[in-house]
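Shown here is one chain on its own, the form predicted alone, set out as structure tokens.
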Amino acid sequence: MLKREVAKRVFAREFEACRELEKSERADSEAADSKTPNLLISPMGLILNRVFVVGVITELDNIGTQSEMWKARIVDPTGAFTAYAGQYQPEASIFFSTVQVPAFIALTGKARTYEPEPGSVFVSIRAEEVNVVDEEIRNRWVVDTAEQTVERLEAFSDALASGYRGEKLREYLLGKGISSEFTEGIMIALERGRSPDEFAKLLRSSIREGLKTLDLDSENSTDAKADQKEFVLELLKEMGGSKGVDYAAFMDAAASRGISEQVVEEVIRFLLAGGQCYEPKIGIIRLVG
């Protein structure tokens, strides 16, 4: 039980694909326990109740009517999380009421799903603790989460390739040193049959692209990439990027200085995925910090 309550590191791409884990799918001892927390399961078999995420908060709104209810959008290199905090999450609510957007933040909270109609599922986080962090901590979280996710992908792919199911698969995975919880998650995910092999490919691709956004700042970056990034950042600052720049006007300004549209678009994608800029609304680019 306590093990299930540990906050898991998960990328937005995998988190948004999570669905509720029904009690009928759990081990008998768990299903009979009325204190069992609400659990979600990803297409890769990750079972979670609480999550720990780090990213850039790019949007924040008080959507409450009679009392405060904050809705936040937090971006990582693979996508975005939606988090909420209200009167029953006082510390997180106070944080959201004072934080300056955009900012790098670390958030721990409980995963929730909402299904307004069959087939339409929204996954979000009920915030418990939130803090401002720096870009270095965000980058460390991305690398650590990538390592953990790739390890799970390898185990899942191994299970898929084995052809085993049921108790045979359980014995196989446990014999490989896979935890009992993840073994159970893999078995359930395969039984659900939500095209897990296709999702695994998508997730791998998202991780690769996400890690590339960090390479721009690494010692292994090419001088050309570093120069391109520096040019785009400087031009954004020059055009008032902290307040927001029209994307079309920015592209025209870059072209007038001899930088191709393809190069600018590539760098902007890296900056967006890396959390160094964001789109407060369609067609507007704004720098973080």
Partner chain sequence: MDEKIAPHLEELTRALGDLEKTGIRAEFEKLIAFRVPPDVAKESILRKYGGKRKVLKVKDLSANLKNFELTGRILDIGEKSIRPQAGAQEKPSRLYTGVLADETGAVLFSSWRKLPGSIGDVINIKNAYTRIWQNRIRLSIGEQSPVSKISDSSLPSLSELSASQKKKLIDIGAVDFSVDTVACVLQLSYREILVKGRQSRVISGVLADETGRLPFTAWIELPGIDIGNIILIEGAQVRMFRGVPSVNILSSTKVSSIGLDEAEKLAFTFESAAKDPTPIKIQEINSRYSMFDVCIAGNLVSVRPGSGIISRCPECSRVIQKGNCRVHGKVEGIWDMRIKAILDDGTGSVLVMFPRELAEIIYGKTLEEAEQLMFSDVSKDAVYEDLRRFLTGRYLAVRGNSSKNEFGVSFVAENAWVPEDDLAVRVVELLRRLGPDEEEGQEKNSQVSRGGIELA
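The structure displayed is predicted, hence computed values, not measured ones. Positions refer to the first chain, counted from 1.
Just so it is clear, the following notes concern the form predicted in complex with the partner chain, a form of the same protein that is not shown.
Looking at residue 202, you'd find a heavy atom of it within 4.5 angstroms of the partner chain in the predicted bound form. The shortest heavy atom separation between residue 173 and the partner chain in the predicted bound form exceeds 4.5 Å. Remark: residue 52 counts among the residues lining the partner chain in the predicted bound form, judged by a heavy atom distance of 4.5 Å or less. Put simply, residue 100 is far from the partner chain in the predicted bound form: not one heavy atom of it is within 4.5 Å. A single residue from the set 159, 127, 214, 189 has any heavy atom within 4.5 angstroms of the partner chain in the predicted bound form; that residue is 214.
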